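Read the single chain below, which is given as structure tokens and is the form predicted on its own.
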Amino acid sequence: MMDVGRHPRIQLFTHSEVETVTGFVGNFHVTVRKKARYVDETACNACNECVAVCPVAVPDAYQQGFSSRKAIYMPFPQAVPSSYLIDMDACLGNNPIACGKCADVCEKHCIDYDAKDEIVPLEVGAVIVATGVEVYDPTEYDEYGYTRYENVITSMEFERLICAGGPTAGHFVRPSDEQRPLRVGFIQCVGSRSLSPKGNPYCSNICCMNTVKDTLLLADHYPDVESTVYYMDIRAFGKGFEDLYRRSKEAGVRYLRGLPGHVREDPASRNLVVTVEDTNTGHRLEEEQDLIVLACGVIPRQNGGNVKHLLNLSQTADGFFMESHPKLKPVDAPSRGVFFAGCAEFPKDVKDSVTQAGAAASRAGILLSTGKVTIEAITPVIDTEFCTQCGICAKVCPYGAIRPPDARTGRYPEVIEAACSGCGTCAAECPMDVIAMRHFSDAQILGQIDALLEDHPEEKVLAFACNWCSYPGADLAGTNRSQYPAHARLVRTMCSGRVDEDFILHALMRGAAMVLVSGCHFADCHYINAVTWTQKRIEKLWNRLDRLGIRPERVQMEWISAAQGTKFASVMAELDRLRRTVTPEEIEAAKTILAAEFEKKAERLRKQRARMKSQREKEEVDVA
């Protein structure tokens, strides 16, 4: 951190937060709120005189609440900049001044109670998201007695107690009586790998080896301490991790396979009695420990939702940010020019975080040094001649890649091609059909539909499959030799968001018995939230079909991932069963109804466009 602060080409903002991010790759406009420190960081020499006279004491979050700090404080040792700041929520010296002692003793006059936040605009070419994680709060695990029993602590609190820079100067004691514990129990997977409402279903990655490291620390510094680890299973999968695990066992650490069901306190001794089943022997045990350490998992940053909206990011079901592709682009966000580092993407240890940080910096460096962005030729083109400036295209774009129109100034929607990923949602939602997708145009997709339904359409199931999930899922079903009916015919689109309801109605008009729209799961959408617009569109279409007298069940919607080849096969089998229930009379009636509907739409568009053209010609004459 100190090297970063001294680097001439790095601008470091501490005690700050990003408020807005606009623009696109290579042209991001970032607004940073630099919060008031109330202490001039350039003049302060950290003499500590202000701290000595401050009468306020509050719990020190850095020391996990085991010690206190003053209202004027330094966040942690070796903080950058090396100057104090004032916690105005705790300070007595502001509006009105009831104290002011720190200002009185400051010889350099660094303290300004009237300091204001500063807004700093930045122009950047790339953004790296490294928001980190938060530690799971184990309070809801009431059976372990955290917060009820002083001698039940978390692994983070253990780190502060045993650290030389901690509140006890490295003297390991238990909180209740400040005596050195001789028996320490570690409980694993607190808040992780839990299918109950408490905790999270994923593995937090770091907990097992953190506990192994803590047991080795105890064995090295306090050989007489008996350590017991209660675990589900130990995941020591990194380089050298298995060796550390073996060394821990050789140092005398006892590993008992089984998670405790209950912890209670002996009121007299303040010791803790652990009730646990040894799953290797099947025996129920009650063991007494002087101190219990909960190996808590990690959770996504609670302010991750703000970052998500700032940068148009997508999240997985567990709340971490989702990368563009897990193998081909592991540090790239779906939004071009945004990269991930550290635990923003998923829990990882320091080594993996450093590795990913280097990869993210390299990706950003490549982007900035190139000077140009190469994009696929699948972006939309807007025909402004008949655009009504309704703004729907800008509203539905997951990337904010379409500048909204302004009827007052006559500005039409404009596509920022560098920010567009070609999902096609804008084209599907455009009510005037004035947006054309390169290489996935309406004419090309309708041509595919006509070709696939040319012979015996009543025997076909036409499926629209997205490029990233459903289409690879269908491919996996084939490579796995999964058996499913041969009546399926696939139309590939970049995203299910590209599937216009006219495509589905055209397929039904051509005689298709069943139509399937398939795409990514909501948490896995490669175009952020485009799949949500697919669902809204299909639900609206079902209502329309019902009003027209066409069975809505003939149009199905399924979310199929690239790894779900078996699901694709089962979905196709079910659709084939439904296909056999569709009668020739239904198909013919739907053809007649939909042909009339298409004629009505064509006539409506023709009249509306003629009216717009006439209005435009009239305006040109008036100007002349």
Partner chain sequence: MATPHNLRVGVFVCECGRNIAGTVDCGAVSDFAATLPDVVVVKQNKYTCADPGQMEIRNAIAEHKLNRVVVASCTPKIHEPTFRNCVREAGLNPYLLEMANIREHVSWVHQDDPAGATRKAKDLVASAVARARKLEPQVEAEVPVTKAALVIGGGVAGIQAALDLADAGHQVYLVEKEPSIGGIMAALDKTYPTMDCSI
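From a predicted model like this one, the values you see are computed outputs, not experimental measurements. Numbering follows the first chain given and starts at 1.
Only in words, not in the display: the form predicted in complex with the partner chain, which the text now covers.
Practice task
With the partner chain left out here, work out from 364-372, 280-288, 393-401, 537-545 which stretch has heavy atoms within 4.5 Å of it in the model of the complex.
Solution key: Result for this chain: 364-372.
Practice task
Mark residue 98 yes when one of its heavy atoms lies within 4.5 Å of a heavy atom of the partner chain in the model of the complex, and no otherwise.
Solution key: Residue-level check for residue 98: no, no contact with the partner chain.
Exercise for the section: Answer yes if any heavy atom of residue 53 is within 4.5 Å of a heavy atom of the partner chain in the model of the complex; otherwise answer no. Expected result: Close contact is absent here: in the model of the complex, residue 53 is far from the partner chain, nothing within 4.5 Å, heavy atoms only.
Exercise for the section: May I ask you to check whether residue 460 falls inside a 4.5 Å heavy atom distance of the partner chain in the model of the complex? Expected result: Output for residue 460 is yes: heavy atoms within 4.5 Å of the partner chain.
Handout entry: 4.5 Å heavy atom contact, residue 439 to the partner chain in the model of the complex
Key = Answer yes; at least one heavy atom of residue 439 falls within 4.5 Å of the partner chain in the model of the complex.
Handout entry: One residue of 213, 510, 183, 270 in contact with the partner chain, assessed in the model of the complex (non-hydrogen atom, 4.5 angstroms)
Key = Checking each option against the partner chain in the model of the complex, the one that comes within 4.5 Å is 213.
Exercise for the section: Please pick, from 523, 88, 387, 79, the one residue with any non-hydrogen atom lying within 4.5 angstroms of the partner chain in the model of the complex. Expected result: By the 4.5 Å heavy-atom cutoff, the listed residue in contact is 79.
Handout entry: Those residues of 472-511 which, in the model of the complex, come within 4.5 Å of the partner chain by heavy atom
Key = Counting only heavy atoms within 4.5 Å of the partner chain in the model of the complex, the contacting residues of 472-511 are 472, 474, 475, 477, 478, 479, 481, 482, 483, 484, 485, 486, 488, 489, 490, 492.
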